[in-house]
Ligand SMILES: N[C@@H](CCC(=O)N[C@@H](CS)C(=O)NCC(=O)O)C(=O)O
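This document starts with one chain, in the form predicted on its own, laid out as structure tokens.
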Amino acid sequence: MLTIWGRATSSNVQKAMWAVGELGLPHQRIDAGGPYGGLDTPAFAAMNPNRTVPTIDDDGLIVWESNAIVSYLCTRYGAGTMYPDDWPRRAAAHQWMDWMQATFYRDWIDLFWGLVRSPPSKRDAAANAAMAARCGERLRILDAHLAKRPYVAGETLTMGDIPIGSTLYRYFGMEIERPTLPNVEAYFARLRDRPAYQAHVMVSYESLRATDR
């Protein structure tokens, strides 16, 4: 059986779990990382020397790094659906997964740490506003792309949507100024209608919020 190590509030674990949910794979998830610990054991290090989550064991095959896990699961279990058969859509799915990690994620994770993982007394309002503006500019690129298609690789959800879509729940929940992004907002609404997204991405992250206590 597929086993996934990682806590439900981890955005990277949520990518893997959303893919698992969309694919309908039997699995077990073991809480690990954050308050659950477990990453410093010799057994875990033998699986993943980086000691990070998510990490999966699929009948003896170990895979780590969230995008690699999503790609693996979708190529193995979602051929023709989550992993498109045709080359143009397949290329688009890979492209937008890389865009998320190399372009949008760098600004978004800094913003998340600046607004959520930092206590109010240590937040830099000017820096956070600048990061929010950069995130908005990045998402204008996605907004223009989605003007002609409902999902990043075409008419149906693919693995290319997983990394991007998994960040939007938190992005739209932040108290920041956002540009008008009608196509991204419509895309986000479509994702919120999906049961697997509701179950694995729309998870409260209040436990991650830093306070001054």
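Residue positions are given as counts along the sequence shown, with the first one as 1. This one's a predicted model, so the numbers in the text were calculated from it and none came from an experiment.
The same protein also exists as the form predicted together with the ligand; that form is not shown, yet it is the one meant from here on.
Taking a 4.5 Å heavy atom cutoff to the ligand in the predicted complex, the contact residue among A153, V184, I164, V53 is V53. Checking T81, T75, S118, Q101 against the ligand in the predicted complex, a heavy atom within 4.5 Å turns up for just one residue: Q101. Interface membership of L39, defined by any non-hydrogen atom within 4.5 Å of the ligand in the predicted complex, is confirmed. Contact between T158 and the ligand in the predicted complex is not found at the 4.5 Å heavy atom cutoff. A residue is said to contact a partner when one of its heavy atoms sits within 4.5 Å of a partner heavy atom; D58 fails this definition for the ligand in the predicted complex, lying far away. With respect to the ligand in the predicted complex, the three residues D110, G136 and R178 uniformly fall beyond 4.5 angstroms at the level of their nearest heavy atom. Residues of just one listed stretch (58-66, 23-31, 144-152, 184-192) have heavy atoms within 4.5 Å of the ligand in the predicted complex: 58-66. Contacts to the ligand in the predicted complex (heavy atom within 4.5 Å) from stretch 179-213: none.
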